[in-house]
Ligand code: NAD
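Below sits a lone chain in structure tokens, taken as the form predicted on its own.
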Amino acid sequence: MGRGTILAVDRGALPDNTRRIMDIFNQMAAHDHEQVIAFQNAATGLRGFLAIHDTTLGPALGGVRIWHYASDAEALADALRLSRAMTYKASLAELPCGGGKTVMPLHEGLQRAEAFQALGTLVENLRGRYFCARDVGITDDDLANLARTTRYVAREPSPELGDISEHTAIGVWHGMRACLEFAGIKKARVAIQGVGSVGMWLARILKKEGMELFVADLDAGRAQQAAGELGAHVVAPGEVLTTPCEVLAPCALGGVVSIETAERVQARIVCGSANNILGTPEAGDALAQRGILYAPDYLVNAGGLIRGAEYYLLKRADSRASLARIYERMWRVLELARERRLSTARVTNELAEARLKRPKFFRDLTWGQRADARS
């Protein structure tokens, strides 16, 4: 084969396992992921994916998620999508870190305590390149078992760190406040989809600000708790996206706003704590075309990451001033989107990527050693 010859590969002639490997590399290359670790431990039932998106700005931070995934492919896609969002959060917040995420399929054979200890060993062996925390499905016991075998896990709540969920909710409120002022709305009806840990904190903040609340949750008990504590109106989970209101606040799982649902949203603003609210970038365009302000989730829900990064990496005792700057960043995005006639989602992507455009150093084998050398 001569110099410069390109070898054409017939994918159909490749073995199934080779095609799957090529598919993983293609998915990683699509958004420039640095590393994906597929892990399993037969003795404990542990299995899943750890995705590190980008360490240009520092070690990858991101939670561990355990969920009922329909397939391994779905779990991998979630890890890739969520780790990228964490990088963008860190970039927009001007933090010295990148993004990562661990996802674990929930199944009957999982020996939970032992599995999380095994996962902790994997995280520890990365030597500080990835720092994990709580995400969907994770309990205090899970975090305690991770901490048995790794130093690189955020244990919360604690008096010094505070409640990460509360910090996230505070950040969402600052982003929502910018949207409300930009739209000239003083008092609002807010429909909250999901009143778990972050959603409930957000509901409490909004109640103090005089907002009228509508809440929906797959767990009827949590919705009733919000109704009893805050005087919120309970709506059915299937109806919350189309509830007439000024603000729709998705605070559960992502992907809830597709091109189709964007046409049915009855709010003037979409601003919530859920990751990856938009099913596709085109869904953001659809909202913009209808004149609906969208607060990009990885901009406004970065409060937990900001607090964790400032506490563990920068040793700051308080992050309230940093959380308040989410208002300024959201306002800037709204102005740029109006000036350039683009959706806020596309403008925010460009701003996040701008900090990552400088020459990168591949740190897979060096970041941990550098961190150890500084400690």
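Note that residue numbering begins at 1 and tracks the sequence as displayed. Predicted, not measured: the structure shown is a model, and the values here were computed from it.
Keep in mind the form predicted in complex with this ligand is missing from the figure; the text below concerns it.
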> Given that this ligand is left out here, which of 257, 216, 97, 271 has a heavy atom within 4.5 Å of it in the predicted complex?
Replying inline: 216
> Which pick from 149, 242, 197, 225 sits with a heavy atom within 4.5 Å of this ligand in the predicted complex?
Replying inline: 197
> Might residue 33 be said to contact this ligand in the predicted complex, defining contact as any heavy atom within 4.5 Å?
Replying inline: no
> Taking heavy atoms and a 4.5 Å cut-off, does residue 164 contact this ligand in the predicted complex?
Replying inline: yes
> Would residue 168 sit within 4.5 Å of this ligand in the predicted complex, counting heavy atoms only?
Replying inline: yes
> If you check in the predicted complex, is residue 252 within 4.5 Å of this ligand, heavy atoms only?
Replying inline: yes
>> At 4.5 Å between heavy atoms, only one of the stretches 286-294, 133-141, 108-116, 175-183 reaches this ligand in the predicted complex; which one is it?
In response: 133-141
> Going through 235-250 from first to last, which residues have a non-hydrogen atom within 4.5 Å of this ligand in the predicted complex?
Replying inline: 237
